[in-house]
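The chain below stands alone and is given as structure tokens, in the form predicted on its own.
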Amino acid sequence: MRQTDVRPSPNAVWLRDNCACPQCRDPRNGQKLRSVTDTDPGVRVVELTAAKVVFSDGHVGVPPEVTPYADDRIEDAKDLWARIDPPCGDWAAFETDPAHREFCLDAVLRVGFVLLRGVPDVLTAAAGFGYVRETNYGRLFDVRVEATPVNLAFTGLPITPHTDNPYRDPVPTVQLLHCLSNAVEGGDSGLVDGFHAAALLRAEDPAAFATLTSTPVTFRYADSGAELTATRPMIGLDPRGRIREVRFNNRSLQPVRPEEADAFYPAYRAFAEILYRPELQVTFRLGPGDCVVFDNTRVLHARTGFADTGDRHLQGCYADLDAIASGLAVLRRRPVPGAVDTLRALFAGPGTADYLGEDVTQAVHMLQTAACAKAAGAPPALVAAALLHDVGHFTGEITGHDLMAGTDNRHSHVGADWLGRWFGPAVTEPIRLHVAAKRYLCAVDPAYYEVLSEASKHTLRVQGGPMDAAEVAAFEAEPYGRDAVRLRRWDDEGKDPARPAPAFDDFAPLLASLVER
């Protein structure tokens, strides 16, 4: 657009305030060099092109690049889960392999946690994720049985799912727990996705969800050296109504106002009953050297009881999510060469193997699926998702053959995570959800099951079978759920040995155009 007179422009002040030229922004860090009060509210645009903007005050500047609204803390940016295999990392690889480090940081932000093996100590691990958040418990704290415990964590009693330190403002957003010894019966660790539980509450009991997102509750902790209080809703939302934070800790919850009790307690109980469902909890046993790193604003942690005479010793500390997000963003600046060449090699190599009991190869199946998407007029990102939807069968540790033998290889998640180094969510998220889409369609459309091949019916049973009502509601709330359903139907069509498949290079330009880094 070019403007050559001095008529008022509704964006003139915005353009002047956000001018991207070196006089207005420090080229080293992008920070503004001017205050909003330095801009004349009557400034006008004289000329505007994609590369230049001339203002009525005589300044010649550069239009800004607009970053879309994005908040990596909200539910839309997360992978919500029930019971899943923990994403695992290796400390030696974390220190030496940028790709592995990226995987671990991304897991904390997107899945909510990562389980690291071979960690030397908790403070070293915390330094790998950011900076230690020191509290009244110190830079680190010991979790073991104490004679005079100031916290239930320092006993052998079982602990129900909870978030830590809800009485702080701001709350520590990351927690690390590192195992030094665990030679007791019991003492197993458990995690629950609080965002998933809150989404289930919203679907199952909207009134209870509304109560817990609007009722301020106070959490308090006091001992001889500290007195801490914070008041927030139990489920925190962003300005657009999306889940952004969960604070849940019965031990430190203070009484709500009496006039709010009638609505609050049924809602509180409903949420607790969802959080305590066994099918929502990931349970694992920490061994010496294991360190679990999790998002304390989202993931609730729990512990089974154990005999207080046993030797169980964990060390913990707190950190913050902004450092993890920063570290991940810096890692992702590095060039990742050869996305298209790497994918081409997969199609020409592992992709030539048999496709799990079907009459086509893996590569032919994916190429046919992409051809169906293209013929249906799908947008480029969804065509790419159709093309790449099954790469997780040969990029993960558990193979497609293991899937056929009865072990779910979670290839949808493995493939989406692996492709995330190159592609954005419009490509990766339909891939992540395409197995869930099969389970969803089997639940809402009984006739769909008969469309499945025998091999796909077999894997359906391994992958969890048709969804229940709560899973259906959660799937329907997924931003990329509809795309995943479309992908799923093309997936079912792409298994015809009589149909010619296009070549991988027919899609190479499309893939190259979608690579983000």
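The term rigid core refers to the most C-alpha atoms you can superpose between the two forms while keeping them within 1.5 Å. None of these values were measured; they are calculated from a predicted model. Numbers follow the displayed sequence, beginning with 1.
Not pictured, yet referred to below: the form predicted in complex with a further copy of the same chain.
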Check each of 95, 359, 142, 169 and return the one that places a heavy atom within 4.5 angstroms of a further copy of the same chain in the model of the complex.
-> 169
Of 213, 281, 304, 315, the only residue with a heavy atom within 4.5 Å of a further copy of the same chain in the model of the complex is 213
Heavy atoms within 4.5 Å of a further copy of the same chain in the model of the complex: does residue 268 have any?
-> yes
Would residue 233 sit within 4.5 Å of a further copy of the same chain in the model of the complex, counting heavy atoms only?
-> yes
Can any non-hydrogen atom of residue 26 be found within 4.5 angstroms of a further copy of the same chain in the model of the complex?
-> yes
May I ask you to state whether residue 73 is within 4.5 Å of a further copy of the same chain in the model of the complex, using heavy atom distances?
-> yes
Counting only heavy atoms and a 4.5 Å cut-off, does a further copy of the same chain in the model of the complex sit next to every one of 243, 376 and 453?
-> no
Which of 379-387, 178-186, 109-117, 247-255 sits within 4.5 Å of a further copy of the same chain in the model of the complex, heavy atom basis | 247-255
Could you list which residues of 266-288 come within 4.5 Å of a further copy of the same chain in the model of the complex, counting heavy atoms only?
-> 268, 269, 272, 273, 276
By the 2 angstroms cut-off, has the C-alpha of residue 37 moved between this form and the one not shown once the rigid core is superposed?
-> yes
